[in-house]
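The data below hold one chain only, encoded as structure tokens and taken in the form predicted on its own.
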Amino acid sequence: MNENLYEMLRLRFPGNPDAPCLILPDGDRVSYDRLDRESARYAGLLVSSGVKPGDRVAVQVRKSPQALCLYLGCLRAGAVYLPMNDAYQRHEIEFILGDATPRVLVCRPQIRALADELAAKSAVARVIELDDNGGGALASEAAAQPDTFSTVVRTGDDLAAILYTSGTTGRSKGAMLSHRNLFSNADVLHRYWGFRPGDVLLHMLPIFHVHGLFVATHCTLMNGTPMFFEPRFDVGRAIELLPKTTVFMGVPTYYVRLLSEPGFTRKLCAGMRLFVSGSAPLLMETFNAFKTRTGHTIVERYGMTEGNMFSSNPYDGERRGGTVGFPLPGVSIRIVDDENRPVQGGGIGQILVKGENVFCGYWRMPEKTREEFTDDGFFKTGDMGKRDDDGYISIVGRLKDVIITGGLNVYPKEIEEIIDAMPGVFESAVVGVPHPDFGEAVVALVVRLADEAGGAMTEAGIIAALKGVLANFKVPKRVHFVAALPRNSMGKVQKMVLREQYA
């Protein structure tokens, strides 16, 4: 049996070859048959460029149908797809090319000179362009290839993709994901979230990240139904398209922006079946406001580059705000203390995960891989969490974000939730900064709401309010008001930036 991910997805394509897969902004529709033929052309181009099974293909381009066909073509050729954030600059690109040693680099025309320079240093055999509109040499050469291709046979253990982590705490690491890792998660999510005939996905996520490239895209392809394939999130465009769709996946920022629009109403969402949020924590204020405005309860889930999705609030059943639900079918989750013992009674500990979706390890880092897995095969996520009496899991922060002040552990999420609930607060972030006596001092960064109540808030007022509900060692030593919190492309607050800025 060919366990190549593309072949596993293709088996789910609809019987009608003219059934639409991608609905593009200009109204063009890419059928499943056309997607199959176009991905064959890209696979043929890669092979003609010298790409062999197991070779890496690095890609730093903007989202387009051609970029998606390149990904699928890469799978079909048996190569390893290596997407890069299109915001990466010289330092990040140079490191990844040197570490992954790809056979081919696909880039935007705007960085061709830099790409050629860095590719020469890393012995990349070929650099080829794909522009922001899906044109360029890559598309032109692919068009000249045959529209049939015999998908290369792969086992489930063969690598399908390498995605580099952000590297905020040191060297960036390449997470190796196999064909089985990706298929198993797609299959579970497709069933767990109740995908069905007639579903239409509104796809506004980037495709250099697991959320947009794997979760959203794979679920749609497994379902054999269409998706509106938009280049980016645009709130006006979302309001225009939501009445034509049934499923939407986004990061919390998308939901905040939708709620800021008067035209985003319950009537607009009447035909929607599912809203999913992830990649960053969803504020309770947003969760509740969305439910009140639309009548829909957002499904919040939990995952990471090293394994796609680990847990989710249920499709059928209570979707509990502030939690990421239960382990997905086939996934085991432990919450343990520093001695790797299970934490009891809702206590906080590190989250460990195990399942077919969990990655194979870090590229060319065998020692780091061994460190990050327990003897019985559980991956140490580095996330801190707790499980309530009903089994719902909540994320309280990253292990690296835990503040140790005077020898006592402080979990930022606990403080952030209290500050976020204060009148006049839009959101907050709590970090630890160096302190001569305590080792680390607790510092809060607060974004005010743009109204009188928010404007009247003071540092002393927030500290006084916290002293009434928290142990003194958890109360911030300082509160700084900021216009916005720094975020990465997926909406996660960059606490490393804050720690450096306020050290």
Ligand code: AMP
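All residue numbers are counted from 1 along the displayed sequence. Everything numeric here is computed off the predicted structure, so don't read it as measured data.
Just so it is clear, the following notes concern the form predicted in complex with this ligand, a form of the same protein that is not shown.
| request: Verify the contact flag for residue 383: yes if a non-hydrogen atom of it lies within 4.5 Å of a non-hydrogen atom of this ligand in the model of the complex, no if not. | output: Yes, residue 383 sits close enough to this ligand in the model of the complex that at least one of its heavy atoms falls within 4.5 Å.
| request: Decide whether residue 173 counts as a contact residue for this ligand in the model of the complex under a heavy atom distance cut-off of 4.5 Å. | output: Flag for residue 173 set to no.
| said: in the model of the complex, does residue 354 come within 4.5 Å of this ligand, counting heavy atoms only? | reply: Taking the distances in the model of the complex, the answer for residue 354 is no, it never comes within 4.5 Å of this ligand.
| query | Looking in the model of the complex, any heavy atom of residue 220 within 4.5 Å of this ligand? | reply | Contact with this ligand, no.
| message | Counting any non-hydrogen atom inside 4.5 Å, which residue from 319, 154, 103, 301 sits next to this ligand in the model of the complex? | response | Only one option qualifies, and that one is 301.
| message | Counting any non-hydrogen atom inside 4.5 Å, which residue from 75, 177, 324, 204 sits next to this ligand in the model of the complex? | response | Of the candidates 75, 177, 324, 204, 324 is the one lying within 4.5 Å of this ligand in the model of the complex.
| query | In terms of non-hydrogen atoms within 4.5 angstroms, which of the given stretches 334-342, 115-123, 369-377, 278-286 touches this ligand in the model of the complex? | reply | Among the listed stretches, the partner-contacting one is 278-286.
| Joint contact, 209, 305 and 398 to this ligand in the model of the complex, by non-hydrogen atom at 4.5 Å | Yes, the whole trio is in contact, each within 4.5 Å by some heavy atom.
| field | Within 4.5 Å of this ligand in the model of the complex: residues from 94-118 (heavy atom criterion) | value | Going through 94-118 in order - heavy atoms within 4.5 Å of this ligand in the model of the complex - there are no hits.
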